[in-house]
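This document opens with one chain alone, in structure tokens, the form predicted alone.
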């Protein structure tokens, strides 16, 4: 069974002097927004600073001055962003950032990054970049072009792991696996002490977790199938410093790191990434909206020959 775990991601930042996303927008609005990309809200947790919605395809987080949404599968996330732009007074919106990364099964998607940016361009001026090489892992970023400048302390991180080890894949596809078993597998209590947790195990495979503490968040999404395994971590806590713990659990063949406003990215990579991995791509750029963006792709060199994957020609196989 194949599933596109790779997420599309968007963040919209508002001026919250006279308008607050956390208090002035009710949950029915977010339900409609999520439905626009063909996803549904499964559950919700909240504290004084943040609401975290677990979705049928990934996650939505809402703070007073911004919201962040990630969706996977064949969702059309740009439709949700357009819904927001059409229903919220444009004077409240400070910045829109839209991201898409390379997909395993791009031919099965209902749109591509170029299609999405054409829709966004109907509502705003913007710039677009590709971080990483076209024939390898890469991440597309579109951002609104206006007078907005990000605060230096506005930092976010992504760690995206591909081709997790056979042992990790087997552990995460065990029949009857409980959410607590997966939390234990990832050492969540050590990774996220004191965080409020909301998680869900999908059938037949897959797992999503949202965690919040004050204004901090972390979300994990797991597609464990051996043929297309992918595990993503997104957070505003430092995932570069946590990378060694995460990689020790998953032992992926390759992974990406993406950071916004982490000025010490290079030093932290050198301190926390094992020499078992080598960098295949290193890209950095300060965007005109003030974000300093770093992208790195790491691979573990293969030292031994492996066997080819045998494909099923009789069934529906999205890898063909």
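As the structure is a prediction and not an experimental result, all values here were calculated from the model. Numbering follows the first chain given and starts at 1.
Below, we refer to the form predicted together with another copy of the chain, which is not included among the displayed structures.
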Original post:
What stretch, of 63 to 71, 47 to 55, 264 to 272, 25 to 33, brings heavy atoms to within 4.5 Å of another copy of the chain in the model of the complex?
Top reply: 264 to 272
Original post:
Do all of 107, 281 and 303 end up near another copy of the chain in the model of the complex, with near meaning a heavy atom within 4.5 Å?
Top reply: yes
Subject >> Heavy atom within 4.5 Å of another copy of the chain in the model of the complex - the one residue of 154, 133, 184, 166 that qualifies >> reply: 133
Original post:
So, in the model of the complex, is residue 76 in contact with another copy of the chain at a 4.5 angstroms heavy atom limit?
Top reply: no
Original post:
Given that the partner is absent here, does residue 126 sit within 4.5 Å of another copy of the chain in the model of the complex, heavy atoms only?
Top reply: yes
**OP:** May I ask you to state whether residue 299 is within 4.5 Å of another copy of the chain in the model of the complex, using heavy atom distances?
**Re:** yes
Original post:
residue 20: heavy atom within 4.5 Å of another copy of the chain in the model of the complex?
Top reply: no
**OP:** Output the sequence-ordered list of residues from 203 to 223 with at least one heavy atom within 4.5 Å of another copy of the chain in the model of the complex.
**Re:** none
